[in-house]
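Given next, in structure tokens, is a single chain: the form predicted alone.
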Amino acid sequence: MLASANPDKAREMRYVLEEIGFEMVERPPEVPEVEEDGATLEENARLKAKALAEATGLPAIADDTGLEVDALGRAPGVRSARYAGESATYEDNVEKLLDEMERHPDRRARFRSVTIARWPDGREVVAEGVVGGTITHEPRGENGFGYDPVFVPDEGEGKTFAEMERAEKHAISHRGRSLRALAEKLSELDLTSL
């Protein structure tokens, strides 16, 4: 089961996981959103996976992702979704990031994603995916969400994530890498005993 209540993130995770061969169960709408108050990406992913596994009795997969900008001391990091405030939109966060970056010539950044598969009995598998890149001076592209319009991955041939087709993005994205690393770890387990 996907633990994410964010429909954009859930859509991306489902796309990658189903491409790998996982069958995903919809997150029950009656399960409330989980407060992401962890100090790290791993803590937030664990909070979500644990809450959903306990609420449903099914194994759950959750991730947390952060954009780490070198010139900003690796901010926004774990606060990426709330960078411009608790009820910030994607556009609000991007605008704040670009405002903060105006005075910095160093535009290096990375997306980091931590994914956890957790069972109701507390067993879990953790994986991470990272992609380096740079922050643009203005948004470009219509695809994706969040910071995708201002992030050019090193392997992206100069395109932002928002300028890429879905398969192109997920072949190199932090979330795609994290989910594939998780799938590889899961394939080494005897899942019939879990």
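Numbers follow the displayed sequence, beginning with 1. Nothing here was measured: the structure is a model prediction, and the numbers come from that model.
Separately, the form predicted in complex with inosine 5'-triphosphate (ITT) exists; it is not shown, and the next lines address it.
None of the heavy atoms of Ala109 is located within 4.5 Å of inosine 5'-triphosphate (ITT) in the predicted bound form.
Put simply, Glu36 is close to inosine 5'-triphosphate (ITT) in the predicted bound form: some heavy atom of it is within 4.5 Å. Although the partner is absent here, Lys50 sits far enough away that none of its heavy atoms falls within 4.5 Å of inosine 5'-triphosphate (ITT) in the predicted bound form. With a 4.5 Å cutoff on heavy atoms, Arg177 does not count as touching inosine 5'-triphosphate (ITT) in the predicted bound form; it lies far away.
Shown without its partner, the chain has Ser4, Ala5, Asn6, Lys9, Glu12, Glu36 in segment 1-37 as residues with a non-hydrogen atom within 4.5 angstroms of inosine 5'-triphosphate (ITT) in the predicted bound form.
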